[in-house]
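The form predicted alone is given below as one chain in structure tokens.
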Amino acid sequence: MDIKRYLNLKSLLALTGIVGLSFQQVMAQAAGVATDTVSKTDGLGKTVGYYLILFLLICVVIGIIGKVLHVYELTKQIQGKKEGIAWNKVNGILFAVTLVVGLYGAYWCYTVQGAQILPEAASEHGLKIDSMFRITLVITTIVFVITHILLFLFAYKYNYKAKRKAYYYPHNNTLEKYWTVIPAIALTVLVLMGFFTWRGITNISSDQMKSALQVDVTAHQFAWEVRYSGKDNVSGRKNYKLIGSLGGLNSLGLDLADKHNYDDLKVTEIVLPVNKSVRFTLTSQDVLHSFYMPHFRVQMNCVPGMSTFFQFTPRITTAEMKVKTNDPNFKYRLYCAKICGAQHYNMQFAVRVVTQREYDKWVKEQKPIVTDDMKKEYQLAMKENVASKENKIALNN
């Protein structure tokens, strides 16, 4: 038996030495490759190669530890000892450690990443949406903490022991009622909050629609075309069949037979007066796009062949938000929230919220979307159309 122990111990040490040597070699090779990889990049950890090597290195370390423990178990068996490592106890302890580490990770996410969320909503309806999200987050966090404490502590406290027998607990009507009724009530409250919040955004009276500032937005790959209704506050008609007409000048397909188009304004940025309701009419010329202004809590799809709408009231000017965020370079932005093609990232549009006086001054500086060249092309087309009709009448007579 002594000879067996000696041989077994010797083979264990030899294997450990081989594994240790292999580990050192792998470490050295990985370090060399990682150094070469990192030297070709702007900084450590910014390449896929570095993280791939790191992942493989961790897998190797775990494999080595597993082999060493397996050899240790074999030596115990050779020595005639029935019990090696008490894995049930080890697993129970690991569950308890996981609970502590996991809860700290959740706390870290709340404190560190939670500070990276958007600032307060810059629209009136956004306050309701933020409130709804906060309530949902509080409820789900409470449930998350309680359930995970029970889950991991039970795994630790009731780890397998030979002398302990499991208690069979098949059913409990009272418990079933509690964990059915309570979540049902909580979910009902959350659903109703979401329903009334959404209804408050979309259920707008006709008077509110007409009094709001009218802005027409057309999306296409890969830009936004924005026009403001003029003094009449009515956007002129568009027709997809007219896109590219008037000698290629009519990129939006404006129907110049509709006089409302003549005072509409073409703009290179969206400027909104604070505390003034604005209604966006959205459409797309090609694929599905998404009108997304995160600071205003606004997102609506732009669908080819139909118009969608979103109406809201901005409540914080750009200047005020610069102070609130302590960022002198802060800007509102319009983005596309649908991956619409290779240059999707180009679909950004500047947005400013200003006082009514600043807005009035800005509007006076904007130019009509219908240019003199478009008018000339339209008049020429109308004359040709009239001449064509007269020729047809003459031929018929």
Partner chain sequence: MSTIAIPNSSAVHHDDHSHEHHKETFLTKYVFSQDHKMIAKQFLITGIIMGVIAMGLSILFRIQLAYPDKSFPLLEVLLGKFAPEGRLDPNFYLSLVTIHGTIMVFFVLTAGLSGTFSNLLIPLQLGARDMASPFMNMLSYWFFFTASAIMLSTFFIESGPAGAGWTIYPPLSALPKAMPGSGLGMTLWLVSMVLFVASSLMGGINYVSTILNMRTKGMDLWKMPLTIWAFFLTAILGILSFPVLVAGIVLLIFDRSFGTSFYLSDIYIGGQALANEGGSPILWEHLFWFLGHPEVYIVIMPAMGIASEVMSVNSRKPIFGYHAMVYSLIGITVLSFVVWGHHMFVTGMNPFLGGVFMITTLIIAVPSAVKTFNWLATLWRGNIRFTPAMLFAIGLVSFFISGGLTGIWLGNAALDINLHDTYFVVAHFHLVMGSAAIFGMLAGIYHWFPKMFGRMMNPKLGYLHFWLTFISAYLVFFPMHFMGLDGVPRRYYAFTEFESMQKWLSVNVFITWAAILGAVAQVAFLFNFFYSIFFGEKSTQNPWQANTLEWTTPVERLHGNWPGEIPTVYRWAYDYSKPGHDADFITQITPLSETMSSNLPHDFEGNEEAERIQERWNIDHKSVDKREEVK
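Positions refer to the first chain, counted from 1. The structure presented is a predicted model; accordingly, all values stated were derived computationally and were not measured.
Heads up, the form predicted together with its partner chain isn't pictured, but that's what we're talking about next.
The three marked residues, Tyr50, Leu127 and Asp360, fail to reach its partner chain in the model of the complex, with no heavy atom of any inside 4.5 Å. Interface residue among Thr75, Ser277, Thr136, Asn233, judged by heavy atoms within 4.5 Å of its partner chain in the model of the complex: Thr136. Screening His260, His148, Lys266, Arg315 for any heavy atom within 4.5 Å of its partner chain in the model of the complex leaves a single hit, His148. Partner proximity in the model of the complex, defined as non-hydrogen atoms within 4.5 angstroms of its partner chain, places exactly one of 206 to 214, 139 to 147, 267 to 275, 315 to 323 at the interface: 139 to 147.
Taking the partner from elsewhere, Thr371 is found to have every heavy atom lying beyond 4.5 Å of its partner chain in the model of the complex. Proximity of Lys241 to its partner chain in the model of the complex falls within the 4.5 Å heavy atom cutoff.
Contact check for Glu120: no non-hydrogen atom falls within 4.5 Å of its partner chain in the model of the complex.
In the model of the complex, its partner chain lies farther than 4.5 Å from every heavy atom of Val100. The partner is not shown here, but in the model of the complex the stretch 86 to 106 reaches within 4.5 angstroms of its partner chain through a heavy atom at Trp87, Asn88, Asn91, Gly92, Leu94, Phe95, Thr98, Ala106.
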